[in-house]
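So this first bit is one chain, no partners, the form predicted alone, shown in structure tokens.
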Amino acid sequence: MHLARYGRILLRFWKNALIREMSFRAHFIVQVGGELLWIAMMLIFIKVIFRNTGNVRGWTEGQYLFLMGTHMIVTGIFETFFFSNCWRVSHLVRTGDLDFVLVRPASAQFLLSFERIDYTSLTKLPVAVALCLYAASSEGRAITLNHVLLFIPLIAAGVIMLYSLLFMFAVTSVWLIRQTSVNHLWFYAVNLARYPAEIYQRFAGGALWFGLVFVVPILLVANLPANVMMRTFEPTMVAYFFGASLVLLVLSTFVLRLALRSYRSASS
């Protein structure tokens, strides 16, 4: 019963978002064009790199392209469903509109996480999938059903990781009030995660790599799925990846509940 009700709420959210998006079609087209231009620039950047070297810390050009495609899939899904929602948490707290979320007969985390959807980001997913298929083909890797059945849960775990980390950061606005740095945090997180994790091993004696893999596992969201598909399958790291994503999701719920204990409504 609960699942059916939340499903209906989701459909209503997505329908409203589509109506809002189609009300400004020119803006939507410009945004899509911007996404495609950015992808083209990144492909040129990678081509320039591999014209001067055979590999980047053991990653060949095809493997790097697959990593880029994987990163685009993970971030595309996250940006479609969660980024705009995380971004507006601070606004809801600052204006007191969070009150209207809390009085609704549904999970506050659900409402805060799914009310908005960005259809623009969804348009880059077919390009990302095509890039992954091209990269696998260029490396002579045949994509089988077993690969797909493993890749999809890995992508889902990566999205959950990103969502949990950014949602927890957004929720700190309950204490900090004017917490408007979600956009900046997302920019830096995306830039860190789009490169092979191995390039960070030389910084600070490996401390940066360790922190970004085992403390705040932002590097794993794209690197581990791409590694599993194109390079080596490490069962221990895969188990850690799934476990860490689940722990972070549970932690995000705990942090929200803790923050709401300190929340002062607009009427108080």
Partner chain sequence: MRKYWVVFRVALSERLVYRADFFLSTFLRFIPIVTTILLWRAVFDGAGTDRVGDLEYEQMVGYYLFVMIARTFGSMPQLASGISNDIREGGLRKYLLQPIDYLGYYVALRIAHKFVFFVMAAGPYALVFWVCRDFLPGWPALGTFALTVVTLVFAFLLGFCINAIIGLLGFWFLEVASFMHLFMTVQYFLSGHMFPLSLLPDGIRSIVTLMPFAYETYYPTMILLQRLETAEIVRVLFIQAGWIIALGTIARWMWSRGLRRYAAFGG
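These numbers come from a predicted model, not from an experiment. Residue numbers count along the first chain shown, from 1.
There is another form of this protein, the form predicted in complex with its partner chain, and it is not shown here; the text below is about that form.
Heavy atoms within 4.5 Å of its partner chain in the model of the complex map, among the stretches 110 to 118, 191 to 199, 150 to 158, 125 to 133, onto 191 to 199 alone. The three residues 7, 14 and 101 each lack any heavy atom within 4.5 Å of its partner chain in the model of the complex. Using a 4.5 angstroms threshold between heavy atoms, residue 233 stays clear of its partner chain in the model of the complex. Interface membership of residue 240, defined by any non-hydrogen atom within 4.5 Å of its partner chain in the model of the complex, is ruled out.
Heavy atoms of residue 33 reach within 4.5 Å of its partner chain in the model of the complex, making it an interface residue. In the model of the complex, its partner chain lies within 4.5 Å of some heavy atom of residue 38. Looking at 43 to 60, the residues that come within 4.5 Å of its partner chain in the model of the complex, counting any heavy atom, are 44, 45, 48, 49, 51, 52, 53, 55, 56, 57.
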